[in-house]
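Here you get one chain, nothing else, as structure tokens; it is the form predicted on its own.
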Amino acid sequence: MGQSVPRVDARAKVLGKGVFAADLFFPRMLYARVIRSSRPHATLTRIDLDAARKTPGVYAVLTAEDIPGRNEIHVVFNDQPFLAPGRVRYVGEPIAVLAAETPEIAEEAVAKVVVEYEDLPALFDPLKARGHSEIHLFGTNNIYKHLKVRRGNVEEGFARSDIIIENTYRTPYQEHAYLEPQGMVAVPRPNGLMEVYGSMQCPFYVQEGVATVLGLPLSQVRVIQTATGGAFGGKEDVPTLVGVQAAILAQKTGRPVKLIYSRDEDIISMSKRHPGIIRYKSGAKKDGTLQAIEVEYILDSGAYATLSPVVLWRGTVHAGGPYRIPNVKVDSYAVATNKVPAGAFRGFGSPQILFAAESQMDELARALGLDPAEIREKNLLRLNDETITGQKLSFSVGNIEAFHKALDKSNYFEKKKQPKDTRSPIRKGIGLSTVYYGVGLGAGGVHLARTGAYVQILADSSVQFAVGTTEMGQGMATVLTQIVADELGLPVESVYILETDTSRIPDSGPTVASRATTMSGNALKDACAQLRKPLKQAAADLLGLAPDSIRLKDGWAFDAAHSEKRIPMRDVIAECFRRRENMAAAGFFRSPEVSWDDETGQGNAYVTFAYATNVAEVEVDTETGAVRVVRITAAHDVGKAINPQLVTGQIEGGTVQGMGYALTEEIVTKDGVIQNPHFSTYIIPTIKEAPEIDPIIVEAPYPNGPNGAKGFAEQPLMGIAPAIANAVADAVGIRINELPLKPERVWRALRENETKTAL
């Protein structure tokens, strides 16, 4: 525990032996394609499938009329159909699916499908869509969800403030850019069982979706996760659509069906980070003490709600940042438009609002003549403080420690003192952000906050275990293997994790919200605790000791008081088998209780929080507007680093992904059509742009976490954009309130400022 053992899946991936969905082949397998809408909002007046159906090698072409079960994909609401039933609401919406003998025949058949539309007026701007009097995409006001936080009295708070800063911020769509596109293979079994293999975060979501649309009981659907080449939230809810698309064709034809999305199909049709508009008003005393914030947070959710209500909820809870704020008013809206639905993405609604919140902190500091670090330190949440939702922080608050370690390691104050070289076109700047992250699903997803696990010790002293959460590149398999090995006193090399399979483990909720380590780790500890009893009893009998005096560690059972009195674990396990002990156990874990009041936005929103401070150093070319990130120092409170190397890996990966969000990543749409569905036009950072990254691990143990650990994997991205934006403002003296800070946007701001200064 606490050791940087190598990833258990590293060797297979490095050698190209990982089995991904596209690698699967079954006898008589067919290949699927999806027929999609080319209009953002229209009535389907005619769908002509005759030519496609008559194409040799085509075995099935299905529309909404062919669905045996219910035509719905349940996420939070039931507003999204599996196949459009007569009306389309975004470009790329599925209208029909087909299966053919080869991918080429499937492609040929898709081209023969004729779809005729009667266009309807469409909405692309959430500000115009909200409350639109004539076009109703959801309910009567196009609002999927309105959330509130009410704390203290904001009017009195602003009246007591010596300075008030008010700004509007905008953030773009962000594409997940996972290495492996969406893909599923459905295999019908003779007994009526439908097996679905694929790339996903949440197999139990896929199981529910397949059962609903195919009209099967859950017991007739088995879902197995294949090796998953990245997800970042993009394989939380939308793989259900992909799985059902393959499964309904498999059910109709009685043959296995494979469906692998191309990159451009993936980008135009799958979920993304919500674009956001944030109106933020902050008030503070002359010494920097925060008095009040008033926030309006609007998410462009697209054509269906998907996860928007809960994405909005997390953003709302994090609206104030990790600060003491006595008076708070937040109103948040998830709004329907005729664009591709947005969904889960690393940070889950918080990166948008934290960009605004952390920019406001720097603007307050500038107006008050304070250093940005000074105003933050004055207001940072400490032990026994309350968040904006009234949650008292009674334990595991590593906020201050992370803050000081990041400032010290980056030499922040010394660098701030350095004079600016105004003669050079390259201007240097340094900026920081402080953020916190609610661990787990919180009160917004309490009904899913449970997890199962299964552990089996085999006769040769090796161990198999299974969990309901998934490995998608984040390192879960390695961390959980370390936990099982530690609990049973066996070497890591003797423990093996099985692929996630809905037939092995009870519904364990989604693998999201940085919950895999805490939830599955605790469920595994529960299972291992059951197995330790017969192990300790057998060891005690063999050593002539009491069971309570036995310790299990590193392949040995020994006397806690005299460690030289010991016996190999393989002999203990052999003795258990001789006694016919049960060497298998199921574990389970329910998340501690949380609370929430919809009317006031008050309650214990999360079981605990992780904390981080980022310091960004940049160079801005004032002639081109190009921003180069030179260095990021990132300190993260993770509770306990079970595998420090994986923690630093998460920090490094999240930092670069956050850098893309800050500087280059932007999905461009025109009339609802995505204009840049390729990696040649959607620009993500490469290793060439990656800055020097200095990760710092802070450990403020979480009492209910496995060995003190608390999830944090989303947090490394969340504070990068505001830290970079603050560094750019420090470099050139201009605040840019819209992401990304692409060269043309920075250049335009510089020229506008020059014009303004010259007048």
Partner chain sequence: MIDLKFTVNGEKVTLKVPGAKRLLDVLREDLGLLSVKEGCSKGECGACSVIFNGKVVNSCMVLACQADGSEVTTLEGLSKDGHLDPLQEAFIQTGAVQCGFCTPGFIVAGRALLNRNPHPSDEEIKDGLSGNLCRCTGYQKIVTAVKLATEKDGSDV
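Quick caveat: nothing in here was measured; it's all calculated off a predicted structure. Numbering follows the first chain given and starts at 1.
Not on display, but discussed next: the form predicted in complex with the partner chain.
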Note: the partner chain not shown here; in the predicted bound form, the stretch from 472-480, 314-322, 437-445, 615-623 having heavy atoms within 4.5 Å of it is 472-480
Give a yes or no on whether every one of Arg263, Glu665 and Pro685 sits within 4.5 angstroms of the partner chain in the predicted bound form by heavy atom.
-> yes
4.5 angstroms heavy atom contact with the partner chain in the predicted bound form for Pro701 = no
So, in the predicted bound form, is Leu179 in contact with the partner chain at a 4.5 angstroms heavy atom limit?
-> yes
Hey, in the predicted bound form, is Ala690 touching the partner chain, heavy atoms inside 4.5 Å?
-> yes
Is there any non-hydrogen atom of Val656 lying within 4.5 Å of the partner chain in the predicted bound form?
-> yes
Contact assignment for the partner chain in the predicted bound form, among Ser680, Ser133, Thr422, Ser394, heavy atom within 4.5 Å = Ser680
The listed residue (Gly555, Pro188, Gly229, Gly288) that reaches within 4.5 Å of the partner chain in the predicted bound form by any heavy atom is Gly229
If you look in the predicted bound form, which residues in 644-659 sit within 4.5 Å of the partner chain (heavy atoms)?
-> Gln645, Thr648, Gly649, Gln650, Glu652, Gly653, Val656, Gln657
